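Form predicted alone, single chain, as structure tokens, below.
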């Protein structure tokens, strides 16, 4: 992993196995399927439910600062704790939790390369036991929204062609053939994509075992679509979790200097009155 711009934000399954009992390491599982943790997880890992603990369901937003501090404290996480995130679907929501932790300034947070899939395929230990953690007092930094794109900025970037817009959804969502991935609620009025956006599905950044592709492969993947480090990049999907995965790849693995996650994504854009939608 040394070829990445910031290899320190990734750890291997072997590293996690060796360090899962370290007192200053907290392992957190964040899954799309919120029942997966109960079926078996890394010994010592706790779980965050993305539907109730990582989003403000009233305002359709990330959790506010005080709620983030409370979650960290209840999770036994201090400001100097090394947090290892992993989950199903090649770390979809683990990457989303990573993005939120960086918004609130947590210094040492990493993804387990390959996520839940690789851990299980390697036959590493699983347990259904939920660990007891000692609460802490956590103080978050003021939110850093330089890594988050809001609607006015996205609209301006579309009109001025001032940023690379990356739609990381499936080709069927991009064309408007379907409105949401199979089994997930349809939450937009219109299908299609933001005019000018490039379709680079998030999963293309991963190998079959769930790990990230090499830096050279990733560089070739994005540059082939004109997404280069000399231009700001904004990633989006349906609700912001798949695009946080691509944000992670561009910012931390390839070292792009200006990358943002538009977490309003298609749920926002596809429901707006008066904004353009592009279809093939």
Partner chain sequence: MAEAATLRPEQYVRRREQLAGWEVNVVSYKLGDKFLCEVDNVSPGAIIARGQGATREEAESQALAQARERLARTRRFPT
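Treat the numbers as computed from the prediction; the structure is a model and nothing was measured. Positions refer to the first chain, counted from 1.
The protein also exists as the form predicted together with its partner chain; that form is not presented, and the subsequent description refers to it.
- The single contact residue among 89, 164, 100, 81, judged by any heavy atom lying within 4.5 Å of its partner chain in the predicted bound form, is 89.
- Only one of 107-115, 67-75, 165-173, 135-143 places residue heavy atoms within 4.5 angstroms of its partner chain in the predicted bound form, namely 165-173.
- Taken together, the three residues 125, 177 and 181 all come within 4.5 Å of its partner chain in the predicted bound form, as judged by their closest heavy atom.
- In the predicted bound form, its partner chain lies within 4.5 Å of some heavy atom of residue 20.
- Contact annotation: residue 245 falls outside 4.5 Å of its partner chain in the predicted bound form, judged by heavy atom distances.
- Taking non-hydrogen atoms only, residue 120 approaches its partner chain to within 4.5 angstroms in the predicted bound form.
- Looking at residue 36, you'd find a heavy atom of it within 4.5 angstroms of its partner chain in the predicted bound form.
- If you take 137-160 and check each residue for a heavy atom within 4.5 Å of its partner chain in the predicted bound form, you get nothing at all.
- Look at residue 70 and residue 33: in the predicted bound form their Cα atoms come 3 Å or more closer than in this form.
- Relative to what is shown, residue 33 and residue 203 are farther apart in the predicted bound form; their C-alpha atoms differ in spacing by at least 3 Å.
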